[in-house]
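Below sits a lone chain in structure tokens, taken as the form predicted alone.
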Amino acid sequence: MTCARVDSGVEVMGHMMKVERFLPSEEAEALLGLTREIADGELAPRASDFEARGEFPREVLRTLGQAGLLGLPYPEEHGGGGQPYEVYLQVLEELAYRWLTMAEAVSVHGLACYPVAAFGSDEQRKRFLPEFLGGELLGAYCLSEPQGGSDAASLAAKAVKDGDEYVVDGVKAWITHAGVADFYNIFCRTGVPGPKGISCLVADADNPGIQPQRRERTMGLTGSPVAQIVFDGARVPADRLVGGEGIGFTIAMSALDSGRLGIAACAVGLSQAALDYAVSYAKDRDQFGQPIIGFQGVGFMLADMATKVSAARATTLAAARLRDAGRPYSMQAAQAKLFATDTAMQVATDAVQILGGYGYVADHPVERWMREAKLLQIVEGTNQIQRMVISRNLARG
């Protein structure tokens, strides 16, 4: 395998900051170059405005889809990009550096494609994946419920078989892309209590029984629509059952391992943006006759931030390489998500501190990054859940 070394340069406040990447192929190098070009031209100039208005940039997302960025880790035979997860995560990082809402949208869509790709029948893959991965459609992943976010095995939404259809009733909560998605993965109870009674259905968004509710008013990622979805007698054809009855919990947990790596990569991108912005500010800001980066109190803080960002990236990519090699990686995915998102929160908070009063106003993006980083510690399983996953793996030896 040929490895290409790439310096990913992005200009922030007049300074060129670099991330040294070792990519597995020349194709991956070209893909990262395309990603940076699109992200600099289409994402970075729009991020602050869309977030301030709380508007979802659907057309901007289509631009990413037309460039093939919505299906990168899936097989080319089904319309995907055929890229290893190691490369896909670095694409997410580049997107998150410019605009976290867009990187999260790509990650969530990838999660929504996973059930059919990994557990669907050959007929389902041929039928659904070309459209799912083609760049025009957007997916959502309906697992969490108002009373059962982390306790997915206790979900209450149910689907009852009625002839050649399932009738779905219940409520899902905290659904990213609610109301704007074109298809929904619905995790619902078709059998006994507990994980063995859960199944997964794929439904079109225009189903009259699927009723997205009012958007939540969130602290950060205000451009990303999140809401409850009410399923009121939603009739879903039985041939849209993925993996058979009772397989839903297995699908959900397997998908979350991949999804956690996506969120970890998003966290690394946001952390790098906050670090670069803080370094640039500290070089330009003079106090007591010198740039503040020369003061140990600031310089050492930046040194710690840089070290944590590098460690988060390394941890995330190491887990991705295990996944690419077909080896177990559940614990490593949890470790990456835990460490990278905690790092994002700390680095964004420290960036605000370094900017002082300027960091607290919306004229600078660090206050937005700080608010956005908080979400990353919660989605795809809270970081307390990640610690449970890690400790249970340790207990099993």
Partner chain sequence: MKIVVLVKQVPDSGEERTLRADDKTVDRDAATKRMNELDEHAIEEALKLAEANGGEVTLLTMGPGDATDTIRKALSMGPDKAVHVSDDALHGSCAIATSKVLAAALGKLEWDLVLCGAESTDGGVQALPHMLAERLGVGAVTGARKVTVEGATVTVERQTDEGYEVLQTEGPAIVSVWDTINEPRYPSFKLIMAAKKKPVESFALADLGVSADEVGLANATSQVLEFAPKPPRQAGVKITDEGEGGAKLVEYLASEKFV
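Since the model is a prediction, treat every value here as computed from it, not as a measurement. Positions refer to the first chain, counted from 1.
Quick note: we don't show the form predicted together with its partner chain, though the next part is all about it.
K.L.:
Wondering, does V361 line up within 4.5 Å of its partner chain in the predicted complex on heavy atoms?
P.N.:
V361: no, not in contact with its partner chain in the predicted complex.
K.L.:
Although the partner isn't part of this model, could you tell me whether A30 comes within 4.5 Å of its partner chain in the predicted complex, counting any heavy atom of the residue?
P.N.:
Yes.
K.L.:
So in the predicted complex, does S48 come within 4.5 Å of its partner chain, heavy atom to heavy atom?
P.N.:
Taking the distances in the predicted complex, the answer for S48 is no, it never comes within 4.5 Å of its partner chain.
K.L.:
In the predicted complex, does T63 have a heavy atom within 4.5 Å of its partner chain?
P.N.:
Yes.
K.L.:
Tell me the stretch among 334-342, 34-42, 48-56, 362-370 that has any heavy atom within 4.5 angstroms of its partner chain in the predicted complex.
P.N.:
Of the stretches listed, the one contacting the partner is 34-42.
K.L.:
Please identify the residue among G80, G259, G139, P225 with any heavy atom within 4.5 Å of its partner chain in the predicted complex.
P.N.:
The option sitting close enough to the partner is G80.
K.L.:
Could you spot which one of A181, L72, V168, A252 gets a heavy atom to within 4.5 Å of its partner chain in the predicted complex?
P.N.:
Of the listed residues, the single hit is L72.
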